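So this first bit is one chain, no partners, the form predicted alone, shown in structure tokens.
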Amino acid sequence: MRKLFQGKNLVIIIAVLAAIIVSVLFIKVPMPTISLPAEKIPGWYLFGMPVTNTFLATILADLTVLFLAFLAVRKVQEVPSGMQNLMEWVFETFEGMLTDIAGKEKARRWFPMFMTILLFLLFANWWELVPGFDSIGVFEPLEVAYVNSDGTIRNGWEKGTFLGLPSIVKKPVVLTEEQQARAREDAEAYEKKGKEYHGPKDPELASGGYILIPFFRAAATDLNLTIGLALISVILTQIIGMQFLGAKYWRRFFNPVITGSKPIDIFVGLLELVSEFAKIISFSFRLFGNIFAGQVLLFVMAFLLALLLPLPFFGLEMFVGFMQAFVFAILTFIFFEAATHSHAGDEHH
């Protein structure tokens, strides 16, 4: 016990305590906005559609994968080194694992899809840990209500709590007819000037303060992305099943031969059909829930203690980011492999 408070150990303990004191007294981290849907970046449109921060993060993850691929193949050598050596090691490791699961032919056939999903989700999840992500963006007025140019009124931002901590949340807002009329006049005035309308400027309609809309936010915290990937996985599973088994593939859902008892087999077939749709839900919400929860966890830890406390959670999120990418990719591969086996009674079960 005495050695704990001597030499280098004592210096480390004093440094940690000093960092905690400085963090509590002088470094005040505001609680970021906890928003379930992706935020639209004001004034940014692509082909007439608003651009969200998760969309920009998705493009960033794509560019990262392409950039690493370029670095790996720009100077291909017979004796690999550097990035080529690293990528070859990664590819050979996963290819060997997939070969053990489905055999060499199937592994090589579906390996590109597996690695595409794995690398894309891996960097999409890890970009969340880079300083500036979720913290650099544009400020917008904190509003009680937001009136669109067509006169419709949607929910606005309001000061509140999240998990018992002070935050900014979206809540339903009821305006009087007089307030709605003034807000519509405000929107029409902006429209006549040719400017984009970003909510009411009337003091009675605004609660004061500002909200930060970050340019980037973890791509997998947008259900549009996770559901899209889940749909790709499930639809490709059906296509692969048709390629290997033809029309006989559909017997697994409507006329399987598993137990030999017709009523039980029909019931099992219906369960198989329901499970195909359930894959979309489980795939999308597992990935979304884990990454979104990790993002909130990092917010809260930095809010409680800006220095030192968030560090172990960054390490945890690195592991979670890899595991979620790997689980999504490997389950997709396993579904592909399972779709190549018939339930028509001509195989041994």
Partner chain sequence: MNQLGVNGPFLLSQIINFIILLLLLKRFLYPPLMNMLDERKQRIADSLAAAEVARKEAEEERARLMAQIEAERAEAQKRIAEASAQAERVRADILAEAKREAEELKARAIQEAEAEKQRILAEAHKQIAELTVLATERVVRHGLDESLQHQLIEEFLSETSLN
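Bear in mind the structure is a predicted one, so any value in this text is a computation, not a measurement. Positions refer to the first chain, counted from 1.
Missing here is the form predicted together with its partner chain; even so, the following discussion is about that form.
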Just to confirm the contact call: exactly one of 122-130, 246-254, 109-117, 264-272 touches its partner chain in the predicted complex at a 4.5 Å heavy atom cutoff, so which is it?
109-117
Let me test this: is every residue among 65, 87 and 228 within 4.5 Å of its partner chain in the predicted complex, going by heavy atom positions?
yes
Contact flag, residue 137 vs its partner chain in the predicted complex, heavy atom cut 4.5 Å
no
Though only this chain appears here, would residue 72 touch its partner chain in the predicted complex if you measure heavy atom gaps against 4.5 Å?
yes
Tell me, yes or no, whether residue 77 is in contact with its partner chain in the predicted complex, where a contact means a heavy atom of each within 4.5 Å.
yes
Can you tell me if residue 50 lies within 4.5 angstroms of its partner chain in the predicted complex, counting non-hydrogen atoms only?
yes
Of 234, 223, 102, 213, which residue is found within 4.5 angstroms of its partner chain in the predicted complex when only non-hydrogen atoms are counted?
223
